[in-house]
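Shown below, as structure tokens, is a lone chain in the form predicted alone; questions about how it binds or moves come after it.
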Amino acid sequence: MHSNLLKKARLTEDKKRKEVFPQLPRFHVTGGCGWINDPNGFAPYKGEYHLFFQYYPYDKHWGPMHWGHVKTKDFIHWKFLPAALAPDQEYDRDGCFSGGAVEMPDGRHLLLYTGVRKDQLDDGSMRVEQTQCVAIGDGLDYQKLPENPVIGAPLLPPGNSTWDFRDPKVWCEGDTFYAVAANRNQSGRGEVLLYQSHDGIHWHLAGIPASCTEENGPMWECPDLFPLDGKHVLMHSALAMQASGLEFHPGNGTVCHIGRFNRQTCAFTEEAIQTVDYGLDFYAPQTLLSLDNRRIMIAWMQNWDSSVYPPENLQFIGQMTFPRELRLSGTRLCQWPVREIEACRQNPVIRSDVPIQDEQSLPEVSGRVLDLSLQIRPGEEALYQSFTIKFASAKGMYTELTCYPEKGTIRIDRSHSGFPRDIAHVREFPVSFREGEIDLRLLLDKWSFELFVNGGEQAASATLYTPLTADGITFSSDRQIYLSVEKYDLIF
């Protein structure tokens, strides 16, 4: 039986999505209306890929969290499904927070999520309890179990916080279920906990693979632990990070540790650490292993600072990144748009070795829904100091990327991209130039861009709110360069 809260959410989203549909991006997942944040339950189920997400269908601002739901067969064409969870039980009455999903051996679909309950104490303070809960269903409808919550305070290390205990990511290995979850220990530092179960319902604490350090923030959210190319990757989103050169920016960021995970000792040994995405809008990624054995990642393409100021002209807020294939190059995490997007390319425009110096456009190179690849190489004179591409451009509105070969950086600047508030709009990050040469790939989809550098060595994502009529693209350099361009419209 569906609760009244879930019925109400389903009726609301069905009505609102019809009104909002023309505004939605073409190939990025949204809730179709209202608010979304973290991706949840990103996993295969019965030959398709399901994705849930933190969701409030009634408003463009964060509210009591539900789980929205979509699915796809190809990571390109997504189908909206009815909301899967609503905060309708005592243990989750203040929100169904992030979690994971897995197909059970008997074919049922298990959702493991964080239930949030808040109680005001006699002294006026608030006590928050976060526990892990299970709902089981058929890919469309889900029932919360009477055993809930299935992981609570008794299964925490002694003295650890029930206030900060959330975001379980679940998977199966053979007939054993595993889940990693975020927690805070007695000293106030964040930890990643590993749980194990024989049935997905009855769990025990298996160990603590990793703990926060001062450099990587006091709390890690949304952990994910997976094998990749002979190593293991531990990924998480860190709160209140300290800046570290151009690799880690202050505030909330997403970090991955590459190394080795020992199942017997439950210890993760780090070999390298890096930022996952160097842009302005990227948080809470989840990965899955595809049916053809690719590791695919998706994330919330927004940040907490910018999301509280949604544009007045849009009736939704929040979208996911385009799914990305992950690989390791040594101990470097690389990412690239899933290959399925290539079937959506149409109307190719190809230009080779075009000399560029003063700002100029190229015939037929424009648009707001496109896949644009650039190869930049120096001219015969002295090495250029800066090369800039402006896009989503018209009448003083634009977003720009600037390459600095001597500094070895790229700078994002969206100060003129339609945001109504003075929030973070500029970010610079390290990249590799080969004697001044660099390769860029830019995906544009109405209200966002995603940049991939040198085959995916770095990625950077950001939202923008320039009117869709602003579709110009220009190129400029302080000294002559040669530019090769491959541009496709993306048709879905």
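As the structure is a computational prediction, the values presented were derived from the model and not from experiment. Each residue number is its position in the shown sequence, starting from 1.
What comes next is about the form predicted together with ligand FRU, which does not appear here.
J.: Pick the stretch from 460-468, 437-445, 37-45, 422-430 whose residues have a heavy atom within 4.5 Å of ligand FRU in the predicted complex.
T.: Careful reading of the contacts points to 37-45.
J.: If you check Asp224, Asp371, Glu221, Glu191 against ligand FRU in the predicted complex, which one has a heavy atom within 4.5 Å?
T.: Here the answer is residue option Glu221.
J.: Quick one: of Arg166, Lys390, Arg184, His109, which gets a non-hydrogen atom within 4.5 angstroms of ligand FRU in the predicted complex?
T.: Filtering the options by heavy-atom distance leaves Arg166.
J.: Heavy atom to heavy atom, is Tyr58 within 4.5 Å of ligand FRU in the predicted complex?
T.: Because no heavy atom of Tyr58 falls inside 4.5 Å of ligand FRU in the predicted complex, the answer is no.
J.: Is there a non-hydrogen atom of Phe261 within 4.5 angstroms of a non-hydrogen atom of ligand FRU in the predicted complex?
T.: Contact with ligand FRU, no.
J.: Consider Trp78 of the chain shown here, and say whether it contacts ligand FRU in the predicted complex, taking contact as heavy atoms within 4.5 Å.
T.: Trp78 lies outside the contact set for ligand FRU.
J.: Within 4.5 Å, heavy atoms only: does Met65 come near ligand FRU in the predicted complex?
T.: Within the cut-off, so yes.
J.: Is every one of Thr275, Trp336 and Phe452 within 4.5 Å of ligand FRU in the predicted complex, counting heavy atoms?
T.: Not a single listed residue reaches ligand FRU in the predicted complex, so no.
J.: Even though the chain is shown alone, can you say which residues of 70-103 have a heavy atom within 4.5 Å of ligand FRU in the predicted complex?
T.: Going through 70-103 in order - heavy atoms within 4.5 Å of ligand FRU in the predicted complex - the hits are Phe97, Ser98.
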